[in-house]
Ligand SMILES: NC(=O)c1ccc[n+]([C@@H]2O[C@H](COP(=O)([O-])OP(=O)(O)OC[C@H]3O[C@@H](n4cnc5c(N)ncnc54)[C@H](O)[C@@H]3O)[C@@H](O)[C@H]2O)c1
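So this first bit is one chain, no partners, the form predicted on its own, shown in structure tokens.
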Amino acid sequence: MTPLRPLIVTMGDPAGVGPEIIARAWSTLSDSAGSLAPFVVVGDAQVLKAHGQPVEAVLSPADATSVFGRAIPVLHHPAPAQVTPGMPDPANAVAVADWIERGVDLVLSGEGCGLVTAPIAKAPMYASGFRFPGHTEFIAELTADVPFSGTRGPVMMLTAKDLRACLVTIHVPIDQLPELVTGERVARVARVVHESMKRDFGIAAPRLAMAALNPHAGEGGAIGLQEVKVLRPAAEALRAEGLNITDPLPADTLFHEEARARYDAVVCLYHDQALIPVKTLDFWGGVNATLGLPIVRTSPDHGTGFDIAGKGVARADSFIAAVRLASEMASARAAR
């Protein structure tokens, strides 16, 4: 198989742990030639140098393959303001957004095989005029006009060990869930996940589970009617389309080891329904992947860590797992 083009890594907020975990990840992965795609960083080379690993500026992602074994390849785009670990500056937020946009462009142009994004912080981004809720929505907008043969996302998927938990809603209050969890929304997410399991994970016949909204899956309507009126009809319609998906199942028995062996991915209805099992299974190594986009995109499942930035204690487990997952997803797409 032809070696993958490099992954594009965006630095995230330069005052956060992003530069540190990128440097730590490179020190772990730099001898993985042949088994993983190398990566090239879009960001400030001088900020990255402060974290004790060799850094080499490159002119294009194509140069990263030859450099990766000896230094972190960087497409140098300097932050305009002084970077102090732990002290985000809105003056750098425009550069942070530019790094993301540049990364997306490089993947869309075919120069990179996928995108791995280090964490950004919303407050300084909003202060600079950034109008998106976060990374996911920004990247979805940047790829919105690109032809895509599948059901369009974005759908957030969190992974830990053998669990792939995919979200119907994300950061919404619990009291809004009955209104937001519609049959149409559940069905769209399930289609995105089904197609992604084939396209991005090489699973020919994906098995999907659906989590219920109410305790005990509503007990036939005794503890809520969403399962009867919304979720079960959605599952029946999806099965009529050819998807292998369960009826809504009680969430309290859906995530133990024996249950996880019965599905390839689970459609979860709200944030904590997915995040609690993911972080219980692997608190340090969870990954956030965005499904239903023309590009592969993953990120570590944590934030900027301003309180520990620059102290040399940030763990790179999640970022390393994000690089590995992006490489695996890009390989699966390339093999189709």
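One rule holds for the numbers: they count along the sequence shown, beginning at 1. For clarity, every value in this text was computed on a predicted model and none was experimentally measured.
Although not depicted, the form predicted together with the ligand is the subject of the following passage.
- Shown without its partner, this chain lists 209, 160, 106, 121 as candidates; in the predicted bound form, only 121 has a non-hydrogen atom within 4.5 angstroms of the ligand.
- With the partner omitted here, the residue from 277, 61, 292, 305 that has a non-hydrogen atom within 4.5 angstroms of the ligand in the predicted bound form is 305.
- Shown alone, this chain has one stretch from 283-291, 36-44, 53-61, 66-74 that lies within 4.5 Å of the ligand in the predicted bound form by heavy atoms: 283-291.
- Contact with the ligand in the predicted bound form holds for none of 102, 114 and 324, as no heavy atom of theirs lies within 4.5 Å.
- Heavy atoms of residue 21 reach within 4.5 Å of the ligand in the predicted bound form, making it an interface residue.
- Although the partner is absent here, residue 164 lies well away from the ligand in the predicted bound form, with no heavy atom inside 4.5 Å.
- Put simply, residue 314 is close to the ligand in the predicted bound form: some heavy atom of it is within 4.5 Å.
- Although the partner is absent here, residue 135 sits close enough that one of its heavy atoms falls within 4.5 Å of the ligand in the predicted bound form.
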